[in-house]
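Shown next as structure tokens: one chain only, the form predicted alone.
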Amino acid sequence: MSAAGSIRIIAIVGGSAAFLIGASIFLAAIGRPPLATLSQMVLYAFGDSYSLSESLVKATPILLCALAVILPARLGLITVGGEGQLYFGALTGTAVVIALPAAPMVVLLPAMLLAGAIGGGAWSGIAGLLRARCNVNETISTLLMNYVAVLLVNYVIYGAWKDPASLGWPATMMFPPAAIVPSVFGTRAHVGLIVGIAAAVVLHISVTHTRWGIALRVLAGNRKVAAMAGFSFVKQTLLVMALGGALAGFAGICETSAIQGRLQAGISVGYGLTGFLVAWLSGQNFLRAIPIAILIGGLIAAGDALQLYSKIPSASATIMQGLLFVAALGASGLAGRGTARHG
């Protein structure tokens, strides 16, 4: 095994140990037995078919939002707009359902999903256009656009799209059966997960083995050389931002349709930000993002179960998630330094 491979394995083991130690200290501090609670979390996340399906439900939007970060990162762009793209995709997809509530599934479902993807892609494309044409920092623009998208959703569900039958709860009408994204294996997990995994595989192959991937790498490294080779930074910026946003928008309408059944406030519990962290934990690798997203989805699902059955505050799961990110990022940083030293 190479020195880099050994360093990577040591970093993974060290990061895992650091997380377990940190989590144990935290659980002991709040008066919970560490080993028993950690064992419960594993069971609640992956212990049976229902737990696994709930983990996959949480992992689906996280994975799609992570891909929305990884693709622009291959061009050297840092986007944190997954949350806004998810919300705007949910908004545009819901618009189709409200406009065509009686349409048959063969028309309504594809139109809804396509509208969601186009909405997310357009929302991200705005930031891409500002970056490509006006040199506006994409990190700042996507961050600010997150708030705008959330407020737009709140505006319509409190206003024109509010269902009178929902009484005081702000939400649209319930989606008709023809607009419900199909589940898989008879669980709450839906086809959005399959799309996310397929997209990760296709994107990995595309950026690794095609001329497009070469263009992205050259542009990320040296734009002047890339321009001499005929690669356009403007074109590729618009493309990767739009494609990434389309994936996050698709996640938004799938979450709205398959899980919520209607558009309402709080359709995301920070999936966009979590996707950003998963993207960086994966080292901007499409395939590695899949198991990491499932792991984080399991942690979130386990936190919900612990809150329900063990009366542990919901904030505890967020803290545990933060400990995992800190341990993983620390281990990744040490691995990078070790690899550079032995490179």
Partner chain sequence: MAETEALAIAGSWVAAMLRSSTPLMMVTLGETLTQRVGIVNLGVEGQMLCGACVGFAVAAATGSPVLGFAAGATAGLLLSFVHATLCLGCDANQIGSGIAVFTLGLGLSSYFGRSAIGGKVAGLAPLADNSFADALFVGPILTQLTAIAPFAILVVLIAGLWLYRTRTGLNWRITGESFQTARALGIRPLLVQAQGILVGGLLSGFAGAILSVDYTQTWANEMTKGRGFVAVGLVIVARWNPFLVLPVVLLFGLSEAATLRLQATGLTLSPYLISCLPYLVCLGCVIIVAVREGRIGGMPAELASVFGRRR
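Positions refer to the first chain, counted from 1. Just so we're clear, the structure is a prediction, and the values are computed from it rather than from any experiment. Rigid core here is just the name for the largest C-alpha set that superposes within 1.5 Å across the two forms.
Form predicted together with its partner chain: not shown, discussed below.
Across the proposed site, 30, 137 and 158 without exception bring a heavy atom within 4.5 Å of its partner chain in the model of the complex. Stretch 72-80 is the contacting one of 176-184, 96-104, 239-247, 72-80, since its residues have non-hydrogen atoms within 4.5 Å of its partner chain in the model of the complex. Residue-level contacts in the model of the complex: of 118, 273, 129, 111, one residue has a heavy atom within 4.5 Å of its partner chain, and it is 273.
Residue contact check for residue 169: none of its heavy atoms lie within 4.5 Å of its partner chain in the model of the complex. Although the partner is absent here, residue 197 is not a contact residue: none of its heavy atoms lies within 4.5 angstroms of its partner chain in the model of the complex. Residue contact check for residue 18: none of its heavy atoms lie within 4.5 Å of its partner chain in the model of the complex. Although the partner is absent from this view, residue 53 stays clear of its partner chain in the model of the complex, with no non-hydrogen atom inside 4.5 angstroms. Looking at 135-153, the residues that come within 4.5 Å of its partner chain in the model of the complex, counting any heavy atom, are 135, 136, 137, 139, 140, 141, 143, 144, 145, 147, 148, 151, 152. For residue 26, a C-alpha deviation of 2 angstroms or more is recorded between this form and the one not shown after rigid-core alignment.
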